[in-house]
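Encoded as structure tokens, the following chain is the form predicted alone, with no partner shown.
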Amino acid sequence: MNNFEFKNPTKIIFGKDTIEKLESEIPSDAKVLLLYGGGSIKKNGIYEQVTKALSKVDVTEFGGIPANPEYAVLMEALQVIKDKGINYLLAVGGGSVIDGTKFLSAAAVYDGDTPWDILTKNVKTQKGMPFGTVLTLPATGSEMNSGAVITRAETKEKLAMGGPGLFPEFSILDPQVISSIPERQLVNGITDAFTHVLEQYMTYPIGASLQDRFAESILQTLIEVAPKVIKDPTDYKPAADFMWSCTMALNGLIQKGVPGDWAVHMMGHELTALFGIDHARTLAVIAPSHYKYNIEAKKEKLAQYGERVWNITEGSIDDKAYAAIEKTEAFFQGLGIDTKLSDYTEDYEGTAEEISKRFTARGWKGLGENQDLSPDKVEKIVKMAY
């Protein structure tokens, strides 16, 4: 196991009817900007619960943060923060709203002229504007980590950011909120969380037995609860397991002491930026091709995954590794997720070359756990995913 340091300062408030606890988490003298997405929280009762809990606090609202948090929209919110003297942010939503709030937390204290530089220059925010979250869509784990991904439509870019100052102060996780989530978003959430685990697990053996077991248990839980959550999202027990699995998949715990990949995400982000494909679905498009292309480097962990998660016991290490990839792709397809780029767009020709050019321009010359996935290799993987 590699050396590591681990600190996660986010307070988790988990369980039924916990949104009312907002009242005791936000300072009474705070000037709060309440951020949310397309307005579904006003239809499912969450907005009413939140505003009731915030009745004694000075609140300004900002809605309309899109599914891929858009820089131009967030710049409008940043202006509200300045105009209203906001000193506390509250994200009520899924990963996109929370990621957008993290950007605002960083941008509100940034002393540069162009907040986009936070992403392009990889600025690590040490202390942002304080914020909390009320999670409405389990998927990204953003409610308990310090990372975010922001989209800029005018340049067709989707870039990551983060820093130790961008952990939420608290996050409220009430599994009851998933009862009103459309099936497409539930499926996306399951796929996103599943792939988050794979990015931190599907590398090479390093002797971190407990970390492997943590990762495998999250994968097994997601496989077990997926059909139950989709069939009846009002069933509290699988809803709770689903929500907590998504949080645990990316709160930093399972990545400590082990190598990480994240190349699937880097390639997937480009597909979202270029074509507007749901983030989770881009991961399902790229992952199988990525693992097949890198089979030699990953086959030991793929075989272990096949044995422990999918109960594949027959054949050689290579046989088990390939069978594990097939099981993974079949799992995504069983959720109703298409796993080829051509399923989403007819304009896929040239995509691999474009992504390779972008990575080269950014200096991304060695992705993956071995830092050897060069842009020309990325190009081959993306072509395999057509």
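One-based numbering along the sequence shown. Since the structure is predicted, the reported quantities are computational estimates derived from the model, not experimental observations.
Keep in mind the form predicted in complex with another copy of the chain is missing from the figure; the text below concerns it.
Heavy atom within 4.5 Å of another copy of the chain in the predicted bound form - the one residue of Gln211, Thr125, Asn294, Ser146 that qualifies: Selected residue: Gln211.
Pick from Thr221, Gln185, Thr203, Ser289: which residue has any heavy atom within 4.5 angstroms of another copy of the chain in the predicted bound form? Contact residue from the list: Thr221.
Within a 4.5 Å heavy atom cut-off, is Lys21 in contact with another copy of the chain in the predicted bound form? Yes - in the predicted bound form, heavy atoms of Lys21 and another copy of the chain come within 4.5 Å of each other.
Consider Pro9 of the chain shown here, and say whether it contacts another copy of the chain in the predicted bound form, taking contact as heavy atoms within 4.5 Å. Because a heavy atom of Pro9 falls inside 4.5 Å of another copy of the chain in the predicted bound form, the answer is yes.
Whether Trp116 contacts another copy of the chain in the predicted bound form should be assessed with a 4.5 Å heavy atom distance threshold; does it? No, Trp116 stays farther than 4.5 Å from another copy of the chain in the predicted bound form.
Verify the contact flag for Trp244: yes if a non-hydrogen atom of it lies within 4.5 Å of a non-hydrogen atom of another copy of the chain in the predicted bound form, no if not. Heavy-atom contact with another copy of the chain at 4.5 Å: present for Trp244.
Phe4, Lys16 and Ser217 - do all three of these have some heavy atom no more than 4.5 Å from another copy of the chain in the predicted bound form? Per the other structure, all of Phe4, Lys16 and Ser217 touch another copy of the chain.
Counting only non-hydrogen atoms, choose the one of 276-284, 236-244, 86-94, 157-165 that falls within 4.5 Å of another copy of the chain in the predicted bound form. Checking each option against the 4.5 Å cut-off leaves 236-244.
Can you tell me which bits of 248-263 touch another copy of the chain in the predicted bound form, meaning any heavy atom within 4.5 Å? Met248, Leu253 sit within 4.5 Å of the partner.
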